[in-house]
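This document starts with one chain, in the form predicted alone, laid out as structure tokens.
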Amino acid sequence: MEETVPDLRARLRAGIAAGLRTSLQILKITLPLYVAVDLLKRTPVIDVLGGIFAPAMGLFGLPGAAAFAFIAAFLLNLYAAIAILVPLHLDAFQVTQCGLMMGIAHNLVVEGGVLRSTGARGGFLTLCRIGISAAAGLALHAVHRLAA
């Protein structure tokens, strides 16, 4: 039997409903994280913890507080990381640096599990993604310093 294609109105309705559900899911993650980081910025917590991470993040030309966004990207997803990055008011290079590194290594827990379920060495490939992300970040930082 041949399936009929729904009319334009039904397709639009289904697409809009799916888009709204996805937007709501993203908002459930990003809004609370954004508010939390914005509130924490008004306390010494971000500065203290950022100071702990500053030496490692400095290797990539990033402030220590950006480490929180990397933790969110590694463990959750890019939307969570963006919610943490926005209130940090990073410059253009720093946002690009985060985008490059997080684009390579994000959602590691879920994607590592998916890789494992396919028979691949999920743990090894996760470490490779982190290593490649760090190497790309170091390379971009070096290029940025040369251009400055």
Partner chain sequence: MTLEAVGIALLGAMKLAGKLVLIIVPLVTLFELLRHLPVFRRVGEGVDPLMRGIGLTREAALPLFTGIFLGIAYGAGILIRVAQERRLPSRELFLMGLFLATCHAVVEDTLIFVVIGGNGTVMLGVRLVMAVCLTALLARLWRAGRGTPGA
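Residue numbers count along the first chain shown, from 1. Owing to the predicted nature of the structure, the values given are computational and were not obtained by experimental measurement.
In what follows, reference is made to the form predicted together with its partner chain, a form of this protein that is not presented.
Among heavy atoms of P55, none comes within 4.5 Å of its partner chain in the model of the complex. Interface membership of Y34, defined by any non-hydrogen atom within 4.5 Å of its partner chain in the model of the complex, is confirmed. Using a 4.5 angstroms limit between non-hydrogen atoms, V5 touches its partner chain in the model of the complex.
Using a 4.5 Å cutoff between non-hydrogen atoms, Y79 counts as a contact of its partner chain in the model of the complex.
For the options V109, L27, V48, L59, the residue carrying a heavy atom within 4.5 angstroms of its partner chain in the model of the complex is L27. Contacts with its partner chain in the model of the complex, taken as any heavy atom within 4.5 Å, map within 89 to 103 to A92, V95, T96, C98, G99, L100, M102, G103.
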